[in-house]
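Before any questions on how it binds or moves, here is one chain, the form predicted alone, in structure tokens.
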């Protein structure tokens, strides 16, 4: 990787991945892009930034050629709950935007990283130790777009020679970026509420088990899979990766080790609960570990301590 373009650089993952890549490869070699300038003051001050609508292929191509881009981290997408509220827009952005990026990559010989999600699975998927290759019949529009994206990337690699790679992210927990409309966003909001109010009302049931990952590990996965030797990758797109399997009740219990008076109550959001119930409890990430050495650095205990410390500061 010499010159990198990041789409969706002002989103939850993009905000931190941009800075991590700039630290690793140099600010001038990492071009950030997005549709908004509200959360990205630091990003814009630290290097190049362009407004890019990923549904506009010509604009993507313009920036790729201007900066001699060889690697695209394509993060622009609508998340699960938002996508369910706006399914037409979700298809246009999540699938149409990816198609545009893949075409530009094909035309300009770029490698592409695209994140998939546990949302790519459905009710028929085995929920415990979900295999790398298994049935994928998601019931949400977000999930439909993610499965489509995985297949598109596979096609562009197998048939058109584009170096496509990706991971299936679980819920991502971060103290730097606000929640972005995902089903697992309670796992960010709960920390903020615990520090501010000592209580939190959760929209998922207490025993809803979902895979989670702390942001430093999410960044690590995105960088390491793109730096891996191509010949070692058998699956390439949408590697299962995970770090911890968490329920709201377990997370609240861990928070109470630091804030004993913290209380959690529940008011279930039927839409998000239905989405969460269709997702796996725990992914099997053996293929990622074997093919490019994936291993997380944070578990529930160390992540909770670090989140509370940084949010307090």
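Everything numeric here is computed off the predicted structure, so don't read it as measured data. Residue numbers count along the first chain shown, from 1.
There is another form of this protein, the form predicted together with a small molecule, and it is not shown here; the text below is about that form.
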Is there a heavy atom of residue 166 lying 4.5 Å or less from a heavy atom of the small molecule in the predicted bound form?
no
Does the 4.5 Å heavy atom contact test between residue 97 and the small molecule in the predicted bound form come out positive?
no
Taking 4.5 angstroms as the cut-off for heavy atoms, does residue 240 touch the small molecule in the predicted bound form?
no
Proximity of residue 118 to the small molecule in the predicted bound form, heavy atoms at 4.5 Å
yes
Have a look at 189 to 197, 101 to 109, 214 to 222, 166 to 174 and name the one stretch with heavy atoms inside 4.5 Å of the small molecule in the predicted bound form.
166 to 174
By the heavy atom within 4.5 Å rule, which residue out of 152, 162, 79, 228 makes contact with the small molecule in the predicted bound form?
79
